[in-house]
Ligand SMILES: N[C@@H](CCC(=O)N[C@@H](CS)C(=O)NCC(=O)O)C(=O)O
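The form predicted on its own is given below as one chain in structure tokens.
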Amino acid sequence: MKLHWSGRSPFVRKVMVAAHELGLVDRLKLVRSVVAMNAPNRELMRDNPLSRIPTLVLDDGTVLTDSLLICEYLQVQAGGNLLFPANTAGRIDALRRHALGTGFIEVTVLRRNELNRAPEQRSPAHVDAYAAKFAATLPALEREAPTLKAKSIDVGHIAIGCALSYLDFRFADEPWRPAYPALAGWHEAFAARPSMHATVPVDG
């Protein structure tokens, strides 16, 4: 299977962590694909017209273009229900936490993009909105921390773990751990997993 990949994308990292957890990483052929909001990748667009990563191209040519969908496909290939609980309540809970973690990734990416613009080109309204969402999400995740520790790893853990690691990667000058000790403790343990060590983000 061909995976359009970038070592700095938190969305790609979710898929790679899932692949490692499921023992499927050796079945992925990684294709370095650079994407930017203002610069469509024409080569990638042959497989995914939206020019977004991750994009997984199956051996029969079928294209999967969303990280959650790709994770679920990998789960099907691996068998069992490690990342997506079989019972309805467990599945909804995992997907709920996945949505929170992925939403935090999206806000973090948008905030960084806006702050990377020249000062005269930034939108103060957008900067303030992203900062407000940013500040509200960490307390929500702190409240989730006790339940994260009590559950086996699932797709929700992966999303939240990758979100916090991306925060460390892109906003290292904004330490969050002192104010959120329960979340920090959970993330320290999660980040020590071999799947996380194998997928540490890098620029370039």
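From a predicted model like this one, the values you see are computed outputs, not experimental measurements. Just count from 1 along the sequence shown to find any residue number.
What follows is about the form predicted together with the ligand, which we do not show.
**Student:** Using a 4.5 Å heavy atom cut-off, state whether P54 contacts the ligand in the predicted complex.
**Tutor:** Result yes; P54 sits at the interface with the ligand in the predicted complex.
**Student:** If we define contact as a non-hydrogen atom of the residue within 4.5 angstroms of the partner, is A140 a contact of the ligand in the predicted complex?
**Tutor:** Contact check for A140: no, nothing within 4.5 Å of the ligand in the predicted complex.
**Student:** Using the partner position in the predicted complex, report whether L167 sits within 4.5 Å of the ligand, counting heavy atoms only.
**Tutor:** L167 lies outside the contact set for the ligand.
**Student:** Taking the ligand as it sits in the predicted complex, is D66 in contact with it (heavy atom to heavy atom, 4.5 Å or less)?
**Tutor:** Residue-level check for D66: yes, a contact with the ligand.
**Student:** Given the stretches 168-176, 23-31, 144-152, 44-52, which is the single one in contact with the ligand in the predicted complex, using a heavy atom cutoff of 4.5 Å?
**Tutor:** The contacting stretch here is 44-52.
**Student:** Which residues from 156-174 come close to the ligand in the predicted complex, meaning a heavy atom within 4.5 Å?
**Tutor:** Contacting residues: none.
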